[in-house]
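In structure tokens, one chain follows: the form predicted on its own.
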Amino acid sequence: MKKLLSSILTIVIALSVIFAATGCSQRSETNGENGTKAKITIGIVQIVEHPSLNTIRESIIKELEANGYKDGENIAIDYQNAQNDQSNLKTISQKFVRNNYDLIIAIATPSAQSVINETDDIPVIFSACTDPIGAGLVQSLEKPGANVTGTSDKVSAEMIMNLADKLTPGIKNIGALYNAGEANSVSVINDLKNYAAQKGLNVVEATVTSTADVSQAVSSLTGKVDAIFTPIDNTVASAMPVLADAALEAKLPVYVGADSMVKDGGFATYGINYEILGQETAKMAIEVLGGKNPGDIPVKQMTDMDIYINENTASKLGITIPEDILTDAILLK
């Protein structure tokens, strides 16, 4: 009898283990008691609200939906904005990792840096990161490695300044307005300095730490420079209307790094289309959701560039746009 009871007890324990394992497996594949398949969870973190980054996010979501990944149906998107606050970024990144999301999309370099500091496992796709290597996001552009890849919005300071030379010839002193705490900006400003050194031009720097500093920074440049250059800087872009008004008052053309910054009052740029950047970011996300390792996907650098000019700003500055540039330019108001 004892042997029989012992045998029954052994069988019961074994069956309990099997059922427990089966139950765990089912919970990982279902979402709630109705037995529906769990949605793919995607966290999107954005450093701050401004038109360029908003365009990227909206384009990502639209491209995902166009390829069968619709929020609220077969995927669940958790969008969080850090309001340009590093502590918020950390909290958001930790939340995404703690909830074990299937994929994290980080818009702008600070967002990407924060996320990759929190996870080595969850796939991370970054967008609008000017210098991914310099920012410590990837090992190389061709083979990013680890769990990270994404898109770069690097623009050429040289090409923008060559455009400036055609639109407003005679520039000798360039005002460099940027946040020195943003790796993206530092990278492009270094390119600007190299260009200026080759051309015998002078760069006068005015750095900001918040949007509240922008107006004063323009005042510090007034009378010292012939034009202002600002890269794709999240702090400056967030205060672009303020910069545009202050520069107009000082009669200074502002050459910028993004089309949205032209739309917000900047004079001109030779840059990328942020809607296309968002589409390319989404395509990478789709590859990863299909099972591809992020570290094997090369970082996408945008090669299609356009000239963007703000007609209203040109008129207020009294600048006549040459016909050969008008032919190729995208005019904004």
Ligand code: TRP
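The structure displayed is predicted, hence computed values, not measured ones. Residue indices: 1-based, along the sequence shown.
Below: the form predicted in complex with tryptophan, not depicted.
- Residue heavy atoms within 4.5 Å of tryptophan in the predicted bound form occur in exactly one stretch of 79 to 87, 166 to 174, 106 to 114, 209 to 217, and that stretch is 106 to 114.
- Contact annotation: of the candidates 285, 53, 45, 268, the single residue with a non-hydrogen atom within 4.5 angstroms of tryptophan in the predicted bound form is 53.
- Distance criterion of 4.5 Å from any heavy atom to tryptophan in the predicted bound form singles out 237 from the list 237, 92, 254, 157.
- Contact annotation for residue 153: at least one heavy atom lies within 4.5 Å of tryptophan in the predicted bound form.
- Contact annotation for residue 228: none of its heavy atoms lies within 4.5 Å of tryptophan in the predicted bound form.
- Although the partner is absent here, residue 261 lies within 4.5 Å of tryptophan in the predicted bound form, judged by heavy atoms.
- The shortest heavy atom separation between residue 274 and tryptophan in the predicted bound form is within 4.5 Å.
- Taking tryptophan as it sits in the predicted bound form, the stretch 118 to 156 comes within 4.5 angstroms of it through a non-hydrogen atom at 128, 129, 130, 153.
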